[in-house]
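The chain below stands alone and is given in structure tokens; this is the form predicted alone.
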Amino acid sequence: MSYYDIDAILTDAEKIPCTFQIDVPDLGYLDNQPGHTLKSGSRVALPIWLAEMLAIANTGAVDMDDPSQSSKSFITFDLPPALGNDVVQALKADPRSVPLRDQSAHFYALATHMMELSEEPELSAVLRKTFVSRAAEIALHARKVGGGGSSYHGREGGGGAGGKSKGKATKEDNASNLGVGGAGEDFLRGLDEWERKLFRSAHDGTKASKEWMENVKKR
């Protein structure tokens, strides 16, 4: 990641549930026990950047009685609640119905980072399907907003050049069962940062294409 990438920095600051595998002196405050040793088996939430380093590093200790326990990692970690089973099952049922931003503002970046740290084939498949399904929905809403027709602007009287396109919904406009208000607006509010960037790009592209077509017609 770029050192100056704010989204990457915020993603690395997301906390995930971790379990310590060793006793650590003077870290009891992480488990609400200041001044005490953090015991092996204690579960605490740590930012990804720290959890990653502790999970990859090892103690370097050698257990002569049980070699399998030698040089074990400081911690193990689990998937964060944003990628928990309830969320995954909801995404399987209908990806468009889940407000990803409520789970994490950097949902896809968080998921990508977690999959780099652990093998989660099922999660990978679900997220791939989720992104494709929601991307199509995002592009549809971006076209409505940026290109007139049954757009948000159209409800306010914008609706394209001379207002001629106002109220005329195309087949693509009707492809979504979310509509342009109500559930549709809830869907847009639930976009994570990757999806918001996608929406802005699609919106700007649609707007630029519309302006180009209008300029061509004037010639």
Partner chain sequence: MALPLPPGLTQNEVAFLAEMEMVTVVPRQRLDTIDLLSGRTPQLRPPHRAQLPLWLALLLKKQRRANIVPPAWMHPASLAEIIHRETKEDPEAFSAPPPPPSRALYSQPGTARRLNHHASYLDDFSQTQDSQQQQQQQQDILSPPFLPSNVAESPAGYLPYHWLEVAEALLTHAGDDMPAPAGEVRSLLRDLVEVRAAKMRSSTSALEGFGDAWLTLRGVGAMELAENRAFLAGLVDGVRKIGASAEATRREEEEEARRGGEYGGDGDEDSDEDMGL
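Positions refer to the first chain, counted from 1. Take the two forms, superpose them, and find the largest set of C-alpha atoms that agree within 1.5 Å; that set is the rigid core. Since the structure is predicted, the reported quantities are computational estimates derived from the model, not experimental observations.
From this point on, the text means the form predicted in complex with its partner chain, which you will not see here.
Although the partner is absent here, residue 116 is a contact residue: one of its heavy atoms lies within 4.5 angstroms of its partner chain in the predicted bound form. Contact check for residue 90: every heavy atom lies farther than 4.5 Å from its partner chain in the predicted bound form. Using a 4.5 angstroms threshold between heavy atoms, residue 6 stays clear of its partner chain in the predicted bound form. Interface membership of residue 97, defined by any non-hydrogen atom within 4.5 Å of its partner chain in the predicted bound form, is ruled out. Between its partner chain and the residues 110, 79, 140, 105, the one pair within 4.5 Å by heavy atoms in the predicted bound form involves 140. Judged against its partner chain in the predicted bound form with a 4.5 angstroms heavy atom cut-off, the residues 135, 198 and 209 are in contact without exception. Contacts to its partner chain in the predicted bound form (heavy atom within 4.5 Å) from stretch 19-39: none.
Superposition on the rigid core between the shown form and the other one places the CA atom of residue 210 2 Å or more away from its counterpart.
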